[in-house]
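Okay, here we've got a single chain as structure tokens, the form predicted alone, with questions on binding and movement later.
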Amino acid sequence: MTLEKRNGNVLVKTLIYIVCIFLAVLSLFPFVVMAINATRSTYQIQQHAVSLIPSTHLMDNFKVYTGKSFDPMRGFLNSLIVAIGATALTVYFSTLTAYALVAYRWKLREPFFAFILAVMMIPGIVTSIGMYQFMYRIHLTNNLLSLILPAIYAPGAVFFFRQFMLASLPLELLDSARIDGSKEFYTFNHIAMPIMKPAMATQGIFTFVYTWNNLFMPSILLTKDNMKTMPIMVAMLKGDIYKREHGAIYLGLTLTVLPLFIVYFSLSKYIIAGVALGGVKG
């Protein structure tokens, strides 16, 4: 390799690193500003909305945040229960449904998949009234199960898992397991699911973030203070425009974002492994 070619490669790598660092800083900047604003007073935020210098009003904002009619810790626990439960149901049952669409050949397989695609086109807000009426009639309003159990129905996740299985799940391996006497659920849980870890981690992140940040359906189905989730409580902090405590709002948003970072960094290794596996196969 000539010296000019080596210098050219070094220059390209340097530019790639610079661009990646710039994009990383650009992505993290709003979160840094949000965390810093959680330490500032409302007056300071109104004077200068963006600042990289922390202030000393963190405890004052925390007192405002905890001085409302709701319990933030209870809201945090409610959001955690709903997000974990909904994510687990969505990932497992959507993977199971996709497995049935890929691993088995049955007469109505293609029409069933077409029906799933058609359901994907229906906006969730269209079914919200019917969902509320259904939950009211079975007495599940003001119950966290009303937000967890519907997560079993996730056509978008089924489509995502099906596409991943078509490319990554060897049907010959499943046939070998059946020949060896493996039961169907054992084959799915111990052979198919480990192969699906990258896709499950990716969809798990998407589902957790969506469920954790969901405000519309919880605000309809949960009206009691001890049942409210974190997004509802943060929305309640806004109050009147003339009495809005911006520091407390930023503190609530910061506490709301923290679990999302934890989930992402916990599952990111599986996503990276899946990308690397795809690169090797390609």
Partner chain sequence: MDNTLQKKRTFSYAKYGYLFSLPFFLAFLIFNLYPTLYTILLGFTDSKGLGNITFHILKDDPWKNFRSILKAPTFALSIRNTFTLWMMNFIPQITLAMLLTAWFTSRRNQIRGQGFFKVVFYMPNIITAASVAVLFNSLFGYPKGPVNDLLVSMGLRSEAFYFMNFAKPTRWIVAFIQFWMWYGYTMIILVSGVLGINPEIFEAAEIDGASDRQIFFRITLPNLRTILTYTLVTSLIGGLSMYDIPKMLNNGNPNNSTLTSTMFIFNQAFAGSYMYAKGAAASMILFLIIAFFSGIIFFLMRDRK
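Positions refer to the first chain, counted from 1. Rigid core (definition): largest C-alpha set, two forms, superposition within 1.5 Å. This one's a predicted model, so the numbers in the text were calculated from it and none came from an experiment.
The discussion below concerns the form predicted in complex with its partner chain, not included here.
Although the partner is absent here, P155 sits close enough that one of its heavy atoms falls within 4.5 Å of its partner chain in the model of the complex. Heavy atoms of T256 reach within 4.5 Å of its partner chain in the model of the complex, making it an interface residue. In the model of the complex, A248 stays away from its partner chain, with no heavy atom inside 4.5 Å. Put simply, K63 is far from its partner chain in the model of the complex: not one heavy atom of it is within 4.5 Å. Relative to its partner chain in the model of the complex, residues F70, F160 and Q163 are all farther than 4.5 Å at every heavy atom. A single residue from the set I84, L96, L144, M196 has any heavy atom within 4.5 angstroms of its partner chain in the model of the complex; that residue is L96.
Between its partner chain and the residues A88, L173, L77, V119, the one pair within 4.5 Å by heavy atoms in the model of the complex involves V119.
Using a 4.5 Å cut-off on any heavy atom, the residues of 134-156 that reach its partner chain in the model of the complex are, in sequence order, F134, M135, Y136, R137, L149, P150, I152, Y153, A154, P155. Superposition of the core reveals a Cα shift of 2 Å or more for F29 between this form and the one not shown. If you fit the rigid core between this form and the one not shown, you'll see the Cα of K224 move by less than 2 angstroms. Core-superposed comparison between this form and the one not shown: the Cα of N214 travels less than 2 Å.
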